[in-house]
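Each of the two blocks below gives one form of the same protein chain as structure tokens; they are labelled structure 1 and structure 2.
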Structure 1
């Protein structure tokens, strides 16, 4: 897959999706389809798909205990072991997983390497840009998602209000600017630019890497546009979303088309999620190199399909080599 194909294909597919939503709503007036049917469908696909995915992974057993150890093992009592990097107990594993999932610890470790010619001299330096981009992207996305709960709760939950007020503390625009939306957009664009301009990354990137980035950029942009520029009627939007969430869907009059574009892109993201690399969200919890304790020699791990194998037994060995064994005076089981 060439870069051009992967990049532009993804870009135009997202443009096409926007076009479909615009045509469907502003042109064909299919409000029910885009406001009710597709959102419901996408949520169903998301949950069914994710359950299927997790079930599929879980249905394959873990035959061996294979943690990647990044720190001292628990061995002799006077040697301090590394709980987080070489977990021995379930509690240690939980800590390790929390750091991994909440703070992307492994990514934080990132060290770049460069070979300077003449010598040669190998240089290492800590590189946290990817970590930073990933953290900003995921957390801003999370905050944006939580903020959106205001459309699905009446009265709006207090922690949602709290997050809103923190997120909007700058109070620079009207309506108040949410930092998370801007950070999400910037981080996503940064992740995209990285793929385009780092030659090795560009080489490994597939359509399925560009597409979700364009899609999320589309979602962030439409969201920002309708909040700050072409404002939509928030009261009507809430009427629609509350209708969806209470299973009494209705389509209020006069919500701008941009809202339906936003909603459609979100629906596509939800439906696309389980069939893409985005499943890493659930998969990371199942990763056997991270979620298993390094207590291999203390607690035996059971492999459910441990088949018997043909072993060359001692008896066969002695039989084959008995003259040689005898010649050098090593003991034999079967003395003649």
Structure 2
């Protein structure tokens, strides 16, 4: 096993970010910068970047109808077509998109190819570990985000309390252990180790693959440390977050430095999100391979890049040459 430069670079960049936050808060006392300015700036960059990316995708012309298919296309009435593998209607497209977004259907069907020694022999086998890791990562991340809504709402919404109670039903620690936080950390580490230990994957991995994983691991670790080891004043934290969300920012006394490290890493993730691979969260809905029906035989797809063409219709041609047509004794359609 060997690490590549992208691995070390991403690791030390995240360490550097943690160091910047610690020096800025514990050393220079820049609480307003790390507690107000940077969070606001990151949110502005996030929304501006997302709007830019979505607008750019939505305005890009699609010259060809290119849905991804792997099933029978709809043709003759007596031939059964595959609704999910070759969607014909908008409803079929929505149904396939829901299965993809909610259950990662294409990843579940992923098949891995290996060359086994002793033959050599090429084998194809179902690889569900990546699908399981992706499901755990995304859903635990979603639950963690929903749980954090309690810091931005007063009173806390009932469904947030419900998710909190289900997530912390074990109650094996004080405060109660949230399963989603642990699962998020384990799943992210598993996705990182997969890139480290699988040679072919490690070969193609870039900084853009390692950096968000290290960043999310840092966010999860600082969150767990805040909750179970170096506890922070939750009342002061909520006072700060409510000030941010109501545009009346205030820096309360007594919040530990680890909170500002956590907030700074979250802010970096927000600002980085629209320009990273993580933006596939929005991109999947605008992918022409996913959002187009395979109805080429029924509906003509017009290429938006086609230049305007001057058309000379038969009626215009007949009107232009009607005297000559009459002269040779041929009938005219208008006079029939």
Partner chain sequence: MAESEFCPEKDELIRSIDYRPPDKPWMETKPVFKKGTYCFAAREKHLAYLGFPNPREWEVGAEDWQLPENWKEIFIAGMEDRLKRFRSFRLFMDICVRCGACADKCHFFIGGGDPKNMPVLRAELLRSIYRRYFTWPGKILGKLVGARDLDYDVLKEIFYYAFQCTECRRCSVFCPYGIDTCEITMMARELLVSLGCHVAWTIEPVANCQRTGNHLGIMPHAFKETFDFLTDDIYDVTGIKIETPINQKGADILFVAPSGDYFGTEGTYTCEGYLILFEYLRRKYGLTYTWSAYAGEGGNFGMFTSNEAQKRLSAKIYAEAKRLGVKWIIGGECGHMWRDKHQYMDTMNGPADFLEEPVNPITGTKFENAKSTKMIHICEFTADLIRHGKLDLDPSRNDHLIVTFHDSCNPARAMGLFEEPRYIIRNVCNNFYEMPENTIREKTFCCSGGAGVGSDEFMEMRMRGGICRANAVKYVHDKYGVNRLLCICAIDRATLAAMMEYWVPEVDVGGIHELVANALVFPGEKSRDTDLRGLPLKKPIKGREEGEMEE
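Rigid core here is just the name for the largest C-alpha set that superposes within 1.5 Å across the two forms. Residue numbers count along the first chain shown, from 1. Because the structure is a prediction, the values reported are computed rather than measured.
**Student:** Decide which single structure shows the form predicted in complex with its partner chain, answering 1 or 2.
**Tutor:** Structure 1 is the one predicted in complex with its partner chain.
**Student:** Quick check: residue 48 between the two structures - does its CA shift reach 2 Å or more after fitting the rigid core?
**Tutor:** No; that C-alpha moves by less than 2 Å between the two structures.
**Student:** If the two forms are fitted on the core, does residue 13 show a Cα displacement reaching 2 angstroms between the two structures?
**Tutor:** No, because once the rigid core is superposed, the C-alpha of residue 13 moves less than 2 Å between the two structures.
**Student:** Determine whether the C-alpha of residue 311 shifts by 2 Å or more between the two structures once the rigid core is superposed.
**Tutor:** It does, since the residue 311 C-alpha is displaced 2 Å or more between the two structures after the core fit.
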